[in-house]
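Below, in structure tokens: the form predicted alone, a single chain.
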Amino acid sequence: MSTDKIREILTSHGRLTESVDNLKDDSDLYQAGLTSLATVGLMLALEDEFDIEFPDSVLSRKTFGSINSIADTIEDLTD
């Protein structure tokens, strides 16, 4: 999965203290400033964009910890 759209959504909804452009796909988003409140907005935007719903079983810090983990979860949910 291309991470470009995830990066775009992170820029709009992640409220990161570090620029998304400076992050690697495996960078820790929480160290980059992602908060639990911003995670909710990010999750809702991802659900809208990819027409998915994150089940309770994947709602964890690990799922939203990096761009790669978000992409992997979305890929799992769209298969």
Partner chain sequence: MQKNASVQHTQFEELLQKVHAVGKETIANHASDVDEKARFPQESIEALKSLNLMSAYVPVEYGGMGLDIEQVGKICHILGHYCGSTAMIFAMHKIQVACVVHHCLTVEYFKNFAKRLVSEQLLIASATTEIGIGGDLLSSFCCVEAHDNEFDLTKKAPVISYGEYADALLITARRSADAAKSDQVGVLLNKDQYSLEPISDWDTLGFRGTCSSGFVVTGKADIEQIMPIPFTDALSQTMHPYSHVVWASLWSGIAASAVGKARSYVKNAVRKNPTAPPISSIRLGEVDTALTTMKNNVAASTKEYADLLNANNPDAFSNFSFATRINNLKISSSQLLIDIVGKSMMICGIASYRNQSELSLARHIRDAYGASLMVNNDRIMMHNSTLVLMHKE
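Computed from a predicted structure; not experimentally measured. Positions refer to the first chain, counted from 1.
The discussion below concerns the form predicted in complex with the partner chain, not included here.
Item to complete: Look at the candidate spot formed by 50, 68 and 73 and say whether the partner chain comes within 4.5 Å of a heavy atom in all three of them in the predicted bound form.
Response: Not one of the three qualifies.
Distance check, residue 60 to the partner chain in the predicted bound form, heavy atom within 4.5 Å = Yes - in the predicted bound form, heavy atoms of residue 60 and the partner chain come within 4.5 Å of each other.
Even though the partner chain is not shown here, does residue 21 get within 4.5 Å of it in the predicted bound form, heavy atoms only? Residue-level check for residue 21: no, no contact with the partner chain.
*asked:* Within 4.5 Å, heavy atoms only: does residue 43 come near the partner chain in the predicted bound form?
replied: Looking in the predicted bound form, residue contacts with the partner chain include residue 43, since a heavy atom lies within 4.5 Å.
ask   = Can any non-hydrogen atom of residue 31 be found within 4.5 angstroms of the partner chain in the predicted bound form?
value = The answer is yes: residue 31 has a heavy atom within 4.5 Å of the partner chain.
*Residues within stretch 1 to 39 having a non-hydrogen atom within 4.5 Å of the partner chain in the predicted bound form*: Residues within 4.5 Å: 30, 31, 36, 37, 39.
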